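Only one chain is given next, in structure tokens, and it is the form predicted on its own.
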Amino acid sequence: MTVIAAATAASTLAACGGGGDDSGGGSGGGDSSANEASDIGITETSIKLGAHFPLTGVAAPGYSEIPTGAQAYFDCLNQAGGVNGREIEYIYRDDAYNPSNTSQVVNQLVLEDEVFAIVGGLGTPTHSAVLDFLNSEGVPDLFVSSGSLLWGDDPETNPYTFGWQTDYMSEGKIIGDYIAENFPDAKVGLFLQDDDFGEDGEAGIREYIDDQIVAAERYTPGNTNVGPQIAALQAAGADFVVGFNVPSYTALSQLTALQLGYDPQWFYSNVGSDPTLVGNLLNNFSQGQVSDASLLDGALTTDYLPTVDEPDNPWVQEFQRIWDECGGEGELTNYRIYGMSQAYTTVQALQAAGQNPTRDGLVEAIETAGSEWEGPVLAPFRYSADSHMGTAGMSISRITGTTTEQVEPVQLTDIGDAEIESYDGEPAEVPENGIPNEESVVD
């Protein structure tokens, strides 16, 4: 799996601002003063983008909200004039978190719908099924909703694919460093999804606290009995457990630990830690015996985006306005914030690609300008010709009820032997119109 968790800009020109400047400019596009049908999925008036998400099935809770956030942002953008006078046509299809379905829907998006690019396709096992196809077809494969290294560490093999969120290895390094500094005597157990998600996270953690780890237990997605894994961690004497798991397995691990009378310090990766969703899952799985996320009180987690429990954050306020004006049913959630933030980066990429973008020009624009983009993401991107990795850092927070409190500011790192350092950058200002300032994203 592996997505990260988390997710989600006003409906009128005054609220959403003027994104309709058709003066052109930027790398990767033409120099014409008029819009042209410059590539597949690009007309004089529209840009067609596609995505795959689990709108149904076991992974739908939470993750199905991500594209609704992106859709709300694009709808507000379109009402404000779009990108260089083109509206975004956003088509997202259901793959039910099944790789076979992913192959079918992405083939449809590319060959029948003829999208210009795929944006934000969700999940490691699902998106892995279409990685080779998209790159062989020369389709920009932007900002995959997963922290696998597959999306960014080998641009030579996958030149059209880009990550977006912090990768799991870098997250593991930041977590391991925090434990080494603050819990040097802890006996650490690992609760891991048995795929790249867990493997990458474990590799990062072990760079810093290999000698503190007393057990590493893995679960297979779909097998809901995690009793043997949690019991094994307890038997090993682990008094600090780090979980690289999806939200449903956060709930399952908490319920199992409660049954066993096991109460270690918990640290869940960003993917599995949304307290509102976990609280709903706890209520469902326990048939109402546990009605909220109170079991998570005191657990630690990581962040790379602002969250809904920060109502004074300017980005959250902007996203709330966008959801109120252009969103659908339901409330603003972290998953919708994720989708809106991803859409914001997508607009930066399209702006940087110029007035009449091409697929290859879009890739070049991200490699050239992407590392300088600012926005809601808490840390810089790592985009270049040599790296298509996404954001480079995370903060660490403690969960209390449905809110979190930061306990360590943003730390930066990269895969491999890159060291960890504190980020001294200032939070990016929200553009007055809710749309990236074009002069800040072009080369």
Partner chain sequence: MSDLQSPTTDTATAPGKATSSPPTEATAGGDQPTATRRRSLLPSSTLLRHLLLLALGAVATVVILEITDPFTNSQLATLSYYAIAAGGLTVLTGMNGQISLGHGALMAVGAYTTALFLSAEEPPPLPLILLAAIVVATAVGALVGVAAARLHGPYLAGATLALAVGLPGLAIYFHDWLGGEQGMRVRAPRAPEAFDSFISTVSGNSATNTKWLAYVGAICLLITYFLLANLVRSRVGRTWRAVRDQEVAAELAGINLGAWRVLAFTVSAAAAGLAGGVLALVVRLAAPSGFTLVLSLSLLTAIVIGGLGSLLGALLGSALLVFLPPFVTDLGAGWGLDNTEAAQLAPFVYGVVLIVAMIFAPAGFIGTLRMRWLTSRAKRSAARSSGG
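Remember, it's a predicted structure, so these values are computed and weren't measured experimentally. Residue numbers count along the first chain shown, from 1.
Beyond what is shown, the protein has a form predicted in complex with its partner chain; the following relates to that form.
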Checklist entry - Which of these stretches, 108 to 116, 350 to 358, 365 to 373, 77 to 85, has heavy atoms within 4.5 Å of its partner chain in the predicted bound form? => result 108 to 116
Checklist entry - Using a 4.5 Å heavy atom cut-off, are S291, Y304 and E405 all in contact with its partner chain in the predicted bound form? => result no
Item to check | Residue (of E318, D177, D153, E199) lying close to its partner chain in the predicted bound form, criterion heavy atoms within 4.5 Å | outcome: E199
Next on the checklist: I need to confirm a contact call. Of N225, T157, Q287, N182, which residue comes within 4.5 Å of its partner chain in the predicted bound form, counting heavy atoms only?
Outcome noted: T157
Next on the checklist: With a cut-off of 4.5 Å between heavy atoms, is K187 one of the residues that contacts its partner chain in the predicted bound form?
Outcome noted: no
Checklist entry - Is Q259 one of the residues lying within 4.5 Å of its partner chain in the predicted bound form, judged by heavy atom distances? => result no
Item to check | Residue contact check: R93 to its partner chain in the predicted bound form, 4.5 Å heavy atom | outcome: yes
Checklist entry - Might D132 be said to contact its partner chain in the predicted bound form, defining contact as any heavy atom within 4.5 Å? => result yes
Checklist entry - Does anything in 95 to 111 come within 4.5 Å of its partner chain in the predicted bound form by heavy atoms, and if so which residues, in order? => result Y97, N98, P99, S100, S103, Q104, N107, Q108, L111
